[in-house]
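Starting off, we have a lone chain in the form predicted alone, written out as structure tokens.
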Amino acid sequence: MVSRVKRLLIGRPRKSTELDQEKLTKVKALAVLSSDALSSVAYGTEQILIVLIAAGFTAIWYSLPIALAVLGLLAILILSYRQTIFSYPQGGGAYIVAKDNLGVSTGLLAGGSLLVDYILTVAVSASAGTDAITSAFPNLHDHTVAIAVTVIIILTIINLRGVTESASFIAIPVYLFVLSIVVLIVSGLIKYAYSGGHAAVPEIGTAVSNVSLFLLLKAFSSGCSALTGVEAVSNAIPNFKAPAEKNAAKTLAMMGGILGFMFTGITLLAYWYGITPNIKETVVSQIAESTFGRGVLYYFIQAITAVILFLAANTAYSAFPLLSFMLAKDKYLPHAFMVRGDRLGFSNGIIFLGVASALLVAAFHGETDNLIPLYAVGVFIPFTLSQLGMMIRWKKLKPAGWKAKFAVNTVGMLTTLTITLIFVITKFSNVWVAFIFLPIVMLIFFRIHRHYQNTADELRIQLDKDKPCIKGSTIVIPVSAVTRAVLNSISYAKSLTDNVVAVYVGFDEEEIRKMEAKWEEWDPGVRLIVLRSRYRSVMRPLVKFIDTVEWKNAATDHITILIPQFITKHWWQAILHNQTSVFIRTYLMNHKDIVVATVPYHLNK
């Protein structure tokens, strides 16, 4: 039943030889890896206006120079990450760059920041998409958590089906969103050219007495939330068709151009139309209503905006599993993150991301606005470390034309460092948790790495000295009755050794007398030892007996506890039985000097 449901949801298993078919073209990669960055136009301008409106309506003209500064930073990041792509074509982005040039701890800081950022990306995207739906249909406002979690579950299942299949599914709505925003911007510009804008819109340069540098920096840092997701292409280079690095660089450039155009257009229209933030209606919703009215085009734009905000999470679903694979490969995350699933994706990373982000949405009741600054800090730390790492790389290797590349990365590092500091200073109340959470994440990385190192040290053998130790064998079979399961176990045990003993734990004398009589009548050729338990405990006398056997025979024999277990035909039938054998096996597995084995007997009815 479970297998059939799994096949229905994620499809048939794929052969390892089909891995090349999972590589992405530029068109599909742009949709999958740019959905986060492109979707940010739906809230980037809004984040700027939310800060500026605190100084009054007159201050909204400052959104234009702030948007220009954000575009400048976008250009720097595109150039910087293009250099990273060609320098580290194996992928990994900021984690690999920082680890290679700045040391393991710095690399883990970058990698940990990105992992947390991708979880926040899914949570924020799902919540932002839900906000777009509730803007058009306010009566759904009370169901935001259910809507967001449902979308996360759907996205998780889609990504478990494989990279190319998820890309095919996502490409159409992503490109429809781009087309709809382009139509909105062009239509808005035409309407402004013919009808003019909002009458009360302040002119550019209008003096606003209560606008401070602190406020402008805070608005700029908020607008930089539109740049999250830019790094995803450099993380996911292995997902591209060959030549992977060239295709990744072209995809990154296309993403930057589209994002820059859409962000500029939305910001200009918001200014000309005098749009101000509204808790019940997004900026894009207000622009669409001002341009088209509440007609078919308005609802289409709202619907496709909601879809793209949901699908923005897919960038994280593409990048998180690859980054967690690299960390697991370096032994800083569990090896389970290295395992490819039936559809050749890193399914454990996909599932972990879905579960973590759904829990985050539920914990914040779908109101994740306060997570956006933390979300932005999570990506600007890796931005800064990546640029600094590339600076050190150019300085160390000094290839042809390295000075120009060094200059680009220097400007990028200083800019992103400034943005990070602005976020920390202006939004400390939202981002302080990062200073607690990130060290904890890094501590977890180091503890996992230490465990793997210790395990390897203990398991390692000296090929010239360590040889198998040949001993005899003593087998102890716990029994509860004379059954076919016990018969099956004794038959198997006697095929290995004649040194077999059965152990029965009895609670009262009448039970013990009946068991001894039945065993004597059966006479399987194995001695039955009876243990009396006054407190109705099976484990206590059994473990005491095993310790005694071990003390007497461990020097000459391997001690094996062979547990009879019958397996029911249907899973639900197992609930009807005590499963004492499972309990005994689980308990004894912690006993380091004995071997615990199970002999199953399968029931037919």
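What you see is a predicted model; the values in this text were computed from it and never measured. Residue indices: 1-based, along the sequence shown. By rigid core we mean the largest C-alpha set that fits within 1.5 Å across both forms.
The same protein also has a form predicted in complex with a further copy of the same chain, omitted here; what follows describes it.
Undergrad: Heavy atoms within 4.5 Å of a further copy of the same chain in the predicted bound form: which of the stretches 542-550, 61-69, 572-580, 37-45 has them?
TA: That would be 572-580.
Undergrad: Within 4.5 Å of a further copy of the same chain in the predicted bound form, do Asp142, Leu176 and Gly265 each have at least one heavy atom?
TA: Looking in the predicted bound form, the three residues Asp142, Leu176 and Gly265 all stay beyond 4.5 Å of a further copy of the same chain (heavy atoms).
Undergrad: Using a 4.5 Å heavy atom cut-off, state whether Leu487 contacts a further copy of the same chain in the predicted bound form.
TA: So Leu487 counts as contacting a further copy of the same chain.
Undergrad: Evaluate Glu203 for contact with a further copy of the same chain in the predicted bound form, applying a 4.5 angstroms cut-off between non-hydrogen atoms, and reply yes or no.
TA: Because no heavy atom of Glu203 falls inside 4.5 Å of a further copy of the same chain in the predicted bound form, the answer is no.
Undergrad: Does the 4.5 Å heavy atom contact test between Lys23 and a further copy of the same chain in the predicted bound form come out positive?
TA: The answer is no: Lys23 has no heavy atom within 4.5 Å of a further copy of the same chain.
Undergrad: Taking a further copy of the same chain as it sits in the predicted bound form, is Trp522 in contact with it (heavy atom to heavy atom, 4.5 Å or less)?
TA: Contact check for Trp522: yes, within 4.5 Å of a further copy of the same chain in the predicted bound form.
Undergrad: Just one of Ala336, Val183, Ile425, Leu359 has a heavy atom within 4.5 Å of a further copy of the same chain in the predicted bound form. Which one?
TA: When a further copy of the same chain is considered in the predicted bound form, the option within 4.5 Å is Ala336.
Undergrad: May I ask you to choose, among Thr276, Asn454, Ser168, Asn210, the residue with a heavy atom within 4.5 Å of a further copy of the same chain in the predicted bound form?
TA: Filtering the options by heavy-atom distance leaves Asn454.
Undergrad: Using a 4.5 Å heavy atom cutoff, which residues in 24-50 contact a further copy of the same chain in the predicted bound form? It's fine if the answer is none.
TA: Residues within 4.5 Å: none.
Undergrad: Using the rigid core as the reference frame, would you say Lys514 shifts its C-alpha by 2 Å or more between this form and the one not shown?
TA: Yes, the C-alpha moves 2 Å or more.
Undergrad: Core superposed first: is there a CA shift of 2 Å or greater at Pro439 between this form and the one not shown?
TA: Moves: no, less than 2 Å.
Undergrad: Comparing between this form and the one not shown on the rigid core: C-alpha of Val411 shifted by 2 Å or more?
TA: No, the C-alpha position differs by under 2 Å between this form and the one not shown.
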